[in-house]
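For reference, the chain that follows is the form predicted on its own, supplied as structure tokens.
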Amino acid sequence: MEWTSKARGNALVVRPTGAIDHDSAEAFQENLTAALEQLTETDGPLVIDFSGVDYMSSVGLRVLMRVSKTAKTKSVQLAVANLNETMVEIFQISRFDKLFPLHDSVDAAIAG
């Protein structure tokens, strides 16, 4: 899994690339946790741009749940953008679409 991160205004946009599965879940969690540590409640959201991710297993979903709990304790919003059809289905089946705002673009996620 590759990873990029960049500030967009007061938001932080992270973009994992590749499958998020058992082999990459630890790196996914480390990168998300590090990104979350950069933000405070006065900052914009942490936007996860999934445009480069074609698949995520239950291990990746578990990482998202953990990071979501940490974000709540810090009063930082998480948003998800650019899910492909497979990823939308994964979020819907797991009901993660009820936990995370899903957006069609990074700009929409930043706008809230």
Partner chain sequence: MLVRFWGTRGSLPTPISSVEIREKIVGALLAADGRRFNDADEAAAFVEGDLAFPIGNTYGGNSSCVELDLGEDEFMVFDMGSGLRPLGIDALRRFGEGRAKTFNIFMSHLHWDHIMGFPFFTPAFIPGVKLNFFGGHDQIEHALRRQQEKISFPVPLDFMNAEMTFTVLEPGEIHEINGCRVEVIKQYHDNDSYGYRVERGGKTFVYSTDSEHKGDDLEAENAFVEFFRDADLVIFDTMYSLGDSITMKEDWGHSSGLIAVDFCHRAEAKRLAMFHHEPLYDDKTLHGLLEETQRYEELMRGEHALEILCAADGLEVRL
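Positions refer to the first chain, counted from 1. Bear in mind the structure is a predicted one, so any value in this text is a computation, not a measurement.
There is another form of the same protein, the form predicted in complex with its partner chain; it is not shown, and what comes next is about it.
- Remark: residue 86 counts among the residues lining its partner chain in the predicted bound form, judged by a heavy atom distance of 4.5 Å or less.
- The closest non-hydrogen atom of residue 66 lies within 4.5 Å of its partner chain in the predicted bound form.
- For residue 17, no non-hydrogen atom is located within 4.5 Å of its partner chain in the predicted bound form, even though that partner is not displayed.
- Among residues of the shown chain, residue 37 is not one whose heavy atoms approach its partner chain to within 4.5 Å in the predicted bound form.
- Taking the partner from elsewhere, every residue among 22, 56 and 94 has a non-hydrogen atom within 4.5 angstroms of its partner chain in the predicted bound form.
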